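Form predicted alone, single chain, as structure tokens, below.
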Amino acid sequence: MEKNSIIECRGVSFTYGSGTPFEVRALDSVDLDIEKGLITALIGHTGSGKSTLIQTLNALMKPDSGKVLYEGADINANKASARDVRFKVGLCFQYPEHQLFESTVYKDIAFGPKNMGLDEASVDRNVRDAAALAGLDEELFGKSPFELSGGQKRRAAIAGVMAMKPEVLILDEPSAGLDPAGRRDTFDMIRRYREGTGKTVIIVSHSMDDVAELADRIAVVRRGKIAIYGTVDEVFSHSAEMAGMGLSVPEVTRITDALRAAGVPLKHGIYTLSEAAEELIRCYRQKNGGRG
């Protein structure tokens, strides 16, 4: 089946400190298709090239060689195309709450839409739409962003990017540093955004559990290359190869695999807690003749 790609990387390479003793090849001939309307996760160890890659996707970094295409057009063709793509491909860096700076939550979320040159009514509509998607109550609009909880700050910062209504939203480690409740709220926000808008989402994560819960597609980045790409099932079926890269399947998968090895008739390919719960209930009912 032909892919409906919104972003395409074709032979993308990038080197830091080129021509110096500190030269580092961060990206090495990367070919990658980001499929429209899906959540794609980029996973890999620190230094694998994930952060560099996402910065090439909205022209914050220009590849040394190769091309990044947005809907078939080279985003680095000229200065105008590079500027234009930054509104279409919104990027939230890790700990985006550190970039909050306005006096109120409303003004912070409105900053991006105003920079786009939208009229006041459009800015207001975008702010309210983004706050709803981010799960932020409008009662918080008049507060200083620095009065918010950690999870609320994170969602307010992400809402500021959502308010520009990008076609692609990139989130670098969206659950980093959050407690379980904040992590759950952030996941709910990402799902709400994708389901409510139909937009494309890219998340960068080192957490296999996060990826299994959210992603439709996974790209494993290793030494500046795409080592594995596919659905959650396809990627995690390469468990031995991933182990060789120092990566692992989700913790719940290891537990259910161990239970299966011990004789519990669980299905293969369990990657989330909800799947594990369903399977355990099924096995329990099967053992008890459908009761319970």
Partner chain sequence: MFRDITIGRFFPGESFVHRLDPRSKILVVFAALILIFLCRNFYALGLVFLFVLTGVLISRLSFKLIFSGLKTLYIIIAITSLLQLFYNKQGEVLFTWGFFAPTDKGVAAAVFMAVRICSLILISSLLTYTTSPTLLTDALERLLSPLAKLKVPVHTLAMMMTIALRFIPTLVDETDRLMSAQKARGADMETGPLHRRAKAMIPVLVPLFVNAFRRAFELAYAMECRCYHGGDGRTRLRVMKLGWRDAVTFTATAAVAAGIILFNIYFEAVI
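All figures in this text were calculated on a predicted structure; none of them were measured in a lab. Numbering follows the first chain given and starts at 1.
Although not depicted, the form predicted in complex with the partner chain is the subject of the following passage.
This chain appears without its partner; in the predicted complex, the one residue of 133, 100, 118, 140 with a heavy atom within 4.5 Å of the partner chain is 100. When you look in the predicted complex, the only residue of 220, 189, 164, 215 with a non-hydrogen atom within 4.5 Å of the partner chain is 164. Across the options 38-46, 233-241, 57-65, 220-228, residues that bring heavy atoms within 4.5 Å of the partner chain in the predicted complex belong to 57-65. Residue 168 falls outside the set of residues with a heavy atom inside 4.5 Å of the partner chain in the predicted complex. Among heavy atoms of residue 174, none comes within 4.5 Å of the partner chain in the predicted complex. Put simply, residue 91 is close to the partner chain in the predicted complex: some heavy atom of it is within 4.5 Å. Proximity of residue 184 to the partner chain in the predicted complex: non-hydrogen atoms within 4.5 Å are absent; the residue sits far from the partner. Of all the residues from 13-33, those having a non-hydrogen atom no more than 4.5 Å from the partner chain in the predicted complex are 19, 21, 22.
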